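What follows is a single chain, given as structure tokens, in the form predicted on its own.
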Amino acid sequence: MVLNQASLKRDGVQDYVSLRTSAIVLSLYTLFILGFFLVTPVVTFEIWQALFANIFMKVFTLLALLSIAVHTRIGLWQVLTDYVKSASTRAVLQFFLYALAFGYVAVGLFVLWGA
């Protein structure tokens, strides 16, 4: 009997759907930000602050941050399990890279909701 301990009771379909959903959210967020820069001739601090003061923008940014976390977690797991064969090296790399990704998301949440 083969046990997959790395999946944490997830399966490939859930990873596939989560990865594609997070990619769609990140693509929409990127297109929105690019569109904002294209239609706004001069972006000042006040305009940028007003954009992020809107609750819908904060929620959209929160979704993007959570999508980054999901996308990073699944992507790193796939890449590391494919290319790092030593289990102990893979565990150390996963720990540090997941901690780094968590730090990025935490700082993003602090900047978004803390200010």
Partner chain sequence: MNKIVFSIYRYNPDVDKAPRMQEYTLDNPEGRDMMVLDAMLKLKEQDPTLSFRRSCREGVCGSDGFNINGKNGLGCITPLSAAGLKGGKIVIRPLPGLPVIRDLVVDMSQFYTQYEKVKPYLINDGKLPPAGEFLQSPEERAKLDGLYECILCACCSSSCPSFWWNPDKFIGPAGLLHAYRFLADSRDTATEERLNDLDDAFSVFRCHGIMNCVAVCPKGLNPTKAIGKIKSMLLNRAL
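Please read these numbers as outputs of a predicted model, since none were measured by experiment. Positions refer to the first chain, counted from 1.
The same protein has a further form, the form predicted together with its partner chain, not shown here; the description that follows concerns it.
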**OP:** Could you tell me which stretch in 41 to 49, 70 to 78, 56 to 64, 25 to 33 has residues with non-hydrogen atoms within 4.5 Å of its partner chain in the predicted bound form?
**Re:** 70 to 78
Original post:
Given that its partner chain is left out here, which of V92, V13, A99, A106 has a heavy atom within 4.5 Å of it in the predicted bound form?
Top reply: V13
Original post:
Does its partner chain come within 4.5 Å of any heavy atom of Y83 in the predicted bound form?
Top reply: yes
